[in-house]
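Single chain ahead, written as structure tokens, the form predicted alone.
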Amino acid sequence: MEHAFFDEYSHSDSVIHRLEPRVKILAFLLCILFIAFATGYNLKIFVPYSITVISLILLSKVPVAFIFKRVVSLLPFILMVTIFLPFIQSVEGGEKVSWGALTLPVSYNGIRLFVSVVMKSCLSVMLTTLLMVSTDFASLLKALEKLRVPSLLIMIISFMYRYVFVLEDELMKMRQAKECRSVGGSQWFHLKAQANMLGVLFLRAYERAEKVYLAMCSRGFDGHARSIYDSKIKTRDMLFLVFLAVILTLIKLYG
């Protein structure tokens, strides 16, 4: 079965790839914090932030289409959360929109806040995706451990990444078997079969989790994955972090 790995571009050679993982995490986290705390009604500030994020993507040599595809896949969930923002703000300086018998107040501040939240979410997803695809997953987890992230959270992320492909394999096999056995049929029939597949997949995931847990206990696993981490922070890493912090500060002052 073919899978799309999260870190499939992690072995490329670029300025972003050569950064030490801990510095890269701190730099991207700093960028996300600056974007998240940007003024909600000032939309002009997102222009330099967008230029900064796109510049980082171009420096990484990761295909821009790959990053945008991930953003588009999450955009419906972002819109579901933010779609009501234009209607819950004060109506002063706005208008009323009628849709049949329903009349809703729409404010300009609400529209600006809606665009602001969508921009913040999209830019944050782009930065998070770039961090994931430009860093080897094992190095990323070890860097998080060095940054004193709780070991339980790191272990959950590790198992999620390791076994999500196993579950995807199971789902693809079940789907292939269904396609071979259900030619034609009504829409209700296919919907019911897919619901049953999800139930079976949940049971198989539970059984596999029990087997993995027993296997790890029998091997003396104590909750810590031991590995060698020989990556060291260099001067160029610190210079990149300082340079990015200066750029973000200038954008904040401009805003």
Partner chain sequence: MHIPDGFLSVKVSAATWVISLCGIALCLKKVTARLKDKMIPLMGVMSAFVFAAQMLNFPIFAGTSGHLLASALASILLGPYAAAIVMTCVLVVQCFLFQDGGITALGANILNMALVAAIGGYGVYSIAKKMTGIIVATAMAAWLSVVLASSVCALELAASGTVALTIVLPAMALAHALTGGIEAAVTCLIINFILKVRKDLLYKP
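In this text the structure is predicted, and so the values were computed from the model without any measurement. Numbering follows the first chain given and starts at 1. The term rigid core refers to the most C-alpha atoms you can superpose between the two forms while keeping them within 1.5 Å.
Not on display, but discussed next: the form predicted in complex with the partner chain.
In the model of the complex, the partner chain sits within 4.5 Å of a heavy atom belonging to K192.
Heavy atoms of S55 never reach within 4.5 Å of the partner chain in the model of the complex, leaving it off the interface. Shown alone here, T128 lies within 4.5 Å of the partner chain in the model of the complex, counting heavy atoms only. Put simply, L198 is close to the partner chain in the model of the complex: some heavy atom of it is within 4.5 Å. The three marked residues, S12, V64 and V115, fail to reach the partner chain in the model of the complex, with no heavy atom of any inside 4.5 Å. Among I156, V72, V106, A177, the residue placing a heavy atom within 4.5 Å of the partner chain in the model of the complex is I156.
Contacts between stretch 204-222 and the partner chain, counted in the model of the complex as any heavy atom lying within 4.5 Å, involve A205, Y206, E207, A209, E210, V212, Y213, M216, F221, D222, listed in sequence order.
Once you line up the core between this form and the one not shown, the Cα of T128 stays within less than 2 Å of where it was.
Put the two forms on the same core and the Cα of L56 is off by less than 2 Å between this form and the one not shown.
Once both forms are overlaid on the rigid core, the distance between the two CA positions of I32 between this form and the one not shown is under 2 angstroms.
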